[in-house]
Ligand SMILES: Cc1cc2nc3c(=O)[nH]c(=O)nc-3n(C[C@H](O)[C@H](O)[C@H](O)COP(=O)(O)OP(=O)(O)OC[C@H]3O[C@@H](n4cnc5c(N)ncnc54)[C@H](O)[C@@H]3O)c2cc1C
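First comes one chain, alone, set out as structure tokens in the form predicted alone.
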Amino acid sequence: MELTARATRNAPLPNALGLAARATDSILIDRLDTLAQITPELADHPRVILGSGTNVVLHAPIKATALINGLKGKSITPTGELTCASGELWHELVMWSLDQGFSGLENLALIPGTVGAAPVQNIGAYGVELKDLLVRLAAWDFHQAQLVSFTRDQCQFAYRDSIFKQASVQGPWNKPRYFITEITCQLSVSSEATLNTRYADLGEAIKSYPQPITAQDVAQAVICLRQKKLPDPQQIGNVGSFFKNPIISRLQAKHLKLLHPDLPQYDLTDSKEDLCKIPAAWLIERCGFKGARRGDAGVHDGHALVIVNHGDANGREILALAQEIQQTVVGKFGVFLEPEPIFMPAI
């Protein structure tokens, strides 16, 4: 099939793991009318959507057209309604919003990736999730060939999840229905904002700052914490936290606690069910994987939740290590670790 002249054949794909992955074609989406132009051409053609590739594992050549998100632009009203195109970098948006005098995104500083990826994953850190701030988003619907809007409730946000990760809504990995084009969040004027420092590590870090603290102080503390805990993808390939923290029943947690008295547990304050969260990093480290290597695929020696590419690992080696970790944790603790990143092709 002959695609638009804007398509690049056999194109390398951006990804934070540093994997040598390519797609059959790629098209830079830097204008909304490009989506309208290519929709008829892609009707029966495999496609994938990528931003900067900070939350994907590309473990084989992608026999599809990669749509690379390059949409730009952002604005904010005097009342704090922030609208941003999906191709902007998330961390740059956080710092820009603070510079404009608005608070709300500071706990989400230094999260890598583009704005369009944020609602897919419902990104979160240090006691704040995107769902706490998002009002609505716009997306291109490949089925209807038009722009559509979603409210926060329609996105069905959950822990690192949304309808944009659900195959029943979004479709298969190589034929996604929705291409998120922009998001709108409601922020607060910094001078009137209530800052969230309840998360233990952040609360402790912020004590050393001059009082009263500002939203910029919180962002800087978050940046320092993330830099200490997580490796820079520019220095060593990684997608940050590779697994979600498991959510289990309190009964199962009680049984695990009897066997492992030092197992941390965290209440889910917004859950009506009898559930709690336990740290995946603790489980992985107790299984002996921290710092482990399988060739150039490995687990970071500073954080057991981070799988890294030491140089020449390929996607299948990363996937094999992830599966080995899953199987070992299940065998030792009876807990299944669900990956955070999206796998292309799907597994």
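For every residue, the number given is its place in the sequence shown, counted from 1. The shown structure was predicted, so the numbers you read here are calculated from the model rather than taken from an experiment.
As for the form predicted in complex with this ligand, it is not shown, yet the points below apply to it.
Trainee: At the 4.5 Å heavy atom threshold, is residue 231 in contact with this ligand in the predicted complex?
Mentor: Residue 231: yes, in contact with this ligand in the predicted complex.
Trainee: Can you check whether residue 171 is within 4.5 Å of this ligand in the predicted complex, heavy atom basis?
Mentor: Looking in the predicted complex, residue contacts with this ligand do not include residue 171, since no heavy atom lies within 4.5 Å.
Trainee: For residue 162, is any heavy atom within 4.5 Å of this ligand in the predicted complex, or not?
Mentor: Residue 162: no, not in contact with this ligand in the predicted complex.
Trainee: I'd like to know whether residue 104 contacts this ligand in the predicted complex, with contact meaning heavy atoms within 4.5 angstroms.
Mentor: Residue 104 lies outside the contact set for this ligand.
Trainee: Picking from 73 to 81, 147 to 155, 236 to 244, 250 to 258, which part of the chain touches this ligand in the predicted complex when contact means heavy atoms within 4.5 Å?
Mentor: Correct option: 236 to 244.
Trainee: Going by this ligand in the predicted complex, which residues of 326 to 347 come within 4.5 Å of it through any heavy atom?
Mentor: Going through 326 to 347 in order - heavy atoms within 4.5 Å of this ligand in the predicted complex - the hits are 340, 342, 344.
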